[in-house]
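The chain below stands alone and is given as structure tokens, in the form predicted on its own.
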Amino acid sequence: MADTGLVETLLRRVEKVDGGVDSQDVATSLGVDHQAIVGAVKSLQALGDVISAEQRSSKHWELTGEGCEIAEQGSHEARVVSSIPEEGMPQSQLMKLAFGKVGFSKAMSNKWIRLDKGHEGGPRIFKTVESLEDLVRDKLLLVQKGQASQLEEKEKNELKKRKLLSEVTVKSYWITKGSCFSTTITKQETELTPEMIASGSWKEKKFKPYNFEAMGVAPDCGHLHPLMKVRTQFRQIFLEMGFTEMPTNNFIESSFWNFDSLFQPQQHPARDQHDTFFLSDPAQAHEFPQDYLERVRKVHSEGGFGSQGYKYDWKIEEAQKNILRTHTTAVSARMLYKLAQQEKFTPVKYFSIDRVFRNETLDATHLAEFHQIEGVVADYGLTLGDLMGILHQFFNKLGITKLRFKPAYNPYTEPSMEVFSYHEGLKKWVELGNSGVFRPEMLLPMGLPEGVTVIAWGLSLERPTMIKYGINNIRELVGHKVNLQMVYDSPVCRLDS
């Protein structure tokens, strides 16, 4: 509540004047800040119909800081003239004065000074008048005294152009008596207490009316990160399409399952330290299915299943190296091998959404740690058309309709495609992920029947989230630069369809 003394003073002012008073005039006469009077008005309004306050706005002219200086000391041009002695002044010396540049040009326009460029000591300025009338200062003094109405609009605008005047909009209240007007303030009760009921004092009390339209205090609660919201949405879409989630609880993977089982050669650049994080302890894995390991070694070094292989000396030491998995396709390889060990093949649809790690250079669309969405479908007679159809259906469910496919190369898929989506914020096509048909050199050593085709795709979780939420820099979505207010304000769910 505002200061009680100020509130009562305001009420007495309103009582004395039948037509009402202006809050700005009251503040001026009392010598207090206008906001203090506004606070008193708000307090009285909260008590009911004690007063009636109508908000009004008016415009008036005020001197700027530079205008106040000129009103006190004179205009720049007048000060230039007064600074020049009878014998004149070098132009270079005048320009060093704080008011020199502006004052010189204005004084020249008024023909109060002249410039002698041919003077033997260099350009020199001389006065051409002995006395002058400083109209600029006179006009500003009128405004300062509250007599701006005596100036023409053209004169005001000219001073405004010179940034000596500014037009200010003032909001005030026109205050009149209300239906329950009184000069004394009775505090209204906000609660009915047991003591009031027991004593009967509630009968004489005035209670503050309830405002049933007031917004309640927002409860403290947790907030889901946009990344987790889109992850849940992706997961729900996969489940709606009949996919089964794969276990992805091993961030550490051997090079065998991450690379070799996918028919990725041991000399491939992706297996270098500048692309992959290697573990120092434990540095190697030792448990592998030996018969499958031998078939993988053979198809790499000698070929087989209709392939000539890579024709190099495959080494178990390379396959044993432990790494932070670079893709969740390592999990897909384990699941497909497990599927191949069944007595009878059954078609499957698998998916996973989890973190992967790559030694990337950080920029607006790349991080060293990110989430990969992976889908795998195994059945007889699948084609690239089936893959493109599933991807279109998948992204349409998410609300992303602008898709493009570009031919690409992957060691373990043939044919292969990169998937792009148009980012409205960046105004360009952004790569979402990779896709393709797994090669026979990967599938047949596992023991899967001939004729079984596996289509697969790996997509980033971060980039679709950026497209959905209009985020241009991935570091604003994940990491220490995340704006927590963005997390609080983002919608609970996004229903685009």
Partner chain sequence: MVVNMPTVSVKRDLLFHALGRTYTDEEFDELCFEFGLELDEITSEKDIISREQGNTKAEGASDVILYKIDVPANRYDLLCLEGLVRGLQVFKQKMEAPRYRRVSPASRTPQRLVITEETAAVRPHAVAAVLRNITFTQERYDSFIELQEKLHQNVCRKRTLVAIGTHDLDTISGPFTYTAKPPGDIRFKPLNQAKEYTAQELMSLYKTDSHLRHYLHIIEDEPLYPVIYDSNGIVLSMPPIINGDHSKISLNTKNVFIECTATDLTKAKIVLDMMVTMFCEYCEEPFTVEEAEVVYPDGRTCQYPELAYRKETLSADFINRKVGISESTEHIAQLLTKMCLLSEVMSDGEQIEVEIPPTRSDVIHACDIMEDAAMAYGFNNIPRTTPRTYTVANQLPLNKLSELLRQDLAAAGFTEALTFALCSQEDIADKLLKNISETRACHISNPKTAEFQVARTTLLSGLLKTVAANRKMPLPLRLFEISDVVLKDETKDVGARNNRRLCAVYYNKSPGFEVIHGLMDRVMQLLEVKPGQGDGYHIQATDDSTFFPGRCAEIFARGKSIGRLGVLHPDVINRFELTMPCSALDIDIEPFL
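Predicted model, so just to flag it, every value in this text is computed and none were measured. Numbering follows the first chain given and starts at 1.
Separately, the form predicted together with its partner chain exists; it is not shown, and the next lines address it.
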Using the partner position in the predicted bound form, report whether Val21 sits within 4.5 Å of its partner chain, counting heavy atoms only.
-> no
Please run the contact check for Glu155 against its partner chain in the predicted bound form: heavy atoms, 4.5 angstroms, yes or no?
-> no
Check whether Val102 has any heavy atom within 4.5 Å of a heavy atom of its partner chain in the predicted bound form, and answer yes or no.
-> no
Its partner chain contact in the predicted bound form: Ser254, any heavy atom under 4.5 Å | yes
The one residue among Ala408, Ile197, Ile316, Val168 placing a heavy atom within 4.5 Å of its partner chain in the predicted bound form is Ala408
Considering Arg114, Lys349, Lys187, Lys160, which brings a non-hydrogen atom within 4.5 Å of its partner chain in the predicted bound form?
-> Lys349
Among 336 to 344, 386 to 394, 169 to 177, 129 to 137, mark the stretch whose residues have heavy atoms within 4.5 Å of its partner chain in the predicted bound form.
-> 386 to 394
When its partner chain is considered in the predicted bound form, the residues of 212 to 243 having a heavy atom within 4.5 Å of it are Asp220, Cys221, Gly222, His223, Leu224, His225, Leu227, Met228, Lys229, Arg231, Thr232, Arg235, Leu239, Gly242, Phe243
